[in-house]
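One chain comes next, on its own, written as structure tokens: the form predicted alone.
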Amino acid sequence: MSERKWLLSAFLPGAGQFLGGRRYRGGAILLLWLILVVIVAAYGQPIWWISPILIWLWNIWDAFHLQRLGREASLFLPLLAGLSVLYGIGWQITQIDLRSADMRRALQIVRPMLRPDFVQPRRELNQMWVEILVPCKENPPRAFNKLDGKTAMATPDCARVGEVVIVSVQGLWPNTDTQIWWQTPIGDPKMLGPNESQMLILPTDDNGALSATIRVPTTALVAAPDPSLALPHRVYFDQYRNVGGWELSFNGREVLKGAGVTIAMALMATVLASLFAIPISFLAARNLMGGHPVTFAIYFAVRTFLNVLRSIESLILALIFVVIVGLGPFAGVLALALHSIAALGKLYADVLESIDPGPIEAIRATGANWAQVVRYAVIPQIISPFVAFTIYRWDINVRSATIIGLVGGGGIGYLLVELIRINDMRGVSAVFITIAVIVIALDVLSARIRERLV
């Protein structure tokens, strides 16, 4: 490096380092500086120009150090300057504004969550219902029901979404508050109160009768595979009175039911994925498929397929399967299974590639074919890690199944969306606690099993 070569860094960052023999260092300095200049020019305010200026000055000092002292300057300053501007612009892009926080609204949400809706005083239920056809068809059946001395009817006998229906009931307990709610053909409950976010509660008269005007919920046909197909929906009339003791509340039962569906979804998806991923992983292992141009081409194609499939989040896959098969756990299972095939296939293949090559070479030396090599030299080495990875994936799928429910994939996540929609924060709190318990329990269980197997 000549006497004045370090000055070239004053005109082009990294030039002095590059000409001084530190080519990678000079190229990295130039690339970092250019990236920061582009980011600051596109998003930053004038104050952020301090960062590329500091890096430019540091780069001159670094080139001088290399020439005069024979050593490199510390990277602390350029890294700090670069990270500072990236974080600052990131704060600006994400529009973080702590002043927008509404503590009053936050307290309205948090206070009911401190009383999770799991149990309630044990009550006796007095229930009646009537079926209404939605949407209408020619000659609909009469919307009338008679049961145990109670009668219920609706006028008209059928209706479309959003239309008004008059429902009435007789034979209930007199002078008792009665909850009136809607149930779709697949069992989803819908509120009939204001904005469809509150329970409609009306008292019966001295004779145990009441009449109410309701509207068919706007979400009554959301999960219907064919909204034009007329199906029977139900309007329920529920009365309760305390009989002593405690029992699971409605939300408590729904939360436990959703938790069971979520765990089952994860289990079904993991089992299906492992059945497909095991044979695929053998085709994605380089040490097993690299001995011939044809098998290597298969290895490359399978690896590419797994990488592409693994890059698509299960949440996106769930949205696609919801369109194909409709709302419900089946869509969630398909999404989790497809993503798990890619993930487990990659993990299984990595295990195969890290096995001891000695037994493989010994079996091949005897003239064994590919299937025999796999049977006697590979499988004995992979059983334990395969089982451990499968259990670990089940643990991951339980967490993912919760999120998939948010887009209609069934399970406890779907219940969570419904509770948030109707602003039932006590129910939301019960869901949060249940999810935490499930995740912690499965995490501990899977960790113990993996410890014994690995």
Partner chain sequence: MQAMPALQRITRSALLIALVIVVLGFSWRATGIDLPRLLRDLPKGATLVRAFLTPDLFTREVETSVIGVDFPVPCGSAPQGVPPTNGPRLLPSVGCAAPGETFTLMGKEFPASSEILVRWLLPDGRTLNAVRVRTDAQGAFTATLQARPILTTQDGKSARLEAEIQRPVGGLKPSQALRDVAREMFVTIFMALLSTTIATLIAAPLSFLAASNITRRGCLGSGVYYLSRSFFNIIRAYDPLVMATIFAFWLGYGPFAGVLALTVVTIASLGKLFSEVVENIDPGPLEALQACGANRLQTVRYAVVPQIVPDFISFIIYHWDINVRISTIIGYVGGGGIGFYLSQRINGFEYNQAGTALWAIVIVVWLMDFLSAEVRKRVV
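Numbering follows the first chain given and starts at 1. Computed from a predicted model, the values in this text were never measured in an experiment. By rigid core we mean the largest C-alpha set that fits within 1.5 Å across both forms.
If you look for the form predicted in complex with its partner chain, you will not find it shown, but the lines that follow are about it.
Only one of the listed residues (76, 300, 87, 173) places a non-hydrogen atom within 4.5 angstroms of its partner chain in the predicted bound form, and that residue is 87. Checked against its partner chain in the predicted bound form, the candidates 28, 387, 425, 37 yield a single residue with a heavy atom inside 4.5 Å, and that residue is 425. Although the partner is absent here, residue 326 sits close enough that one of its heavy atoms falls within 4.5 Å of its partner chain in the predicted bound form.
The closest non-hydrogen atom of residue 12 lies beyond 4.5 Å of its partner chain in the predicted bound form. With a 4.5 Å cutoff on heavy atoms, residue 296 does not count as touching its partner chain in the predicted bound form; it lies far away. A residue is said to contact a partner when one of its heavy atoms sits within 4.5 Å of a partner heavy atom; residue 43 meets this definition for its partner chain in the predicted bound form.
The three marked residues, 103, 109 and 113, each reach its partner chain in the predicted bound form, with a heavy atom inside 4.5 Å. Residues within 4.5 angstroms of its partner chain in the predicted bound form, judged by any non-hydrogen atom, belong to 330 to 338 and to none of the other stretches in 246 to 254, 127 to 135, 330 to 338, 163 to 171. Contacts between 230 to 255 and its partner chain, taken as any heavy atom within 4.5 Å in the predicted bound form, involve no residue at all. Superposition on the rigid core between this form and the one not shown places the CA atom of residue 300 less than 2 Å from its counterpart. Superposition on the rigid core between this form and the one not shown places the CA atom of residue 432 less than 2 Å from its counterpart. After superposition on the rigid core, the Cα atom of residue 328 is displaced by less than 2 Å between this form and the one not shown.
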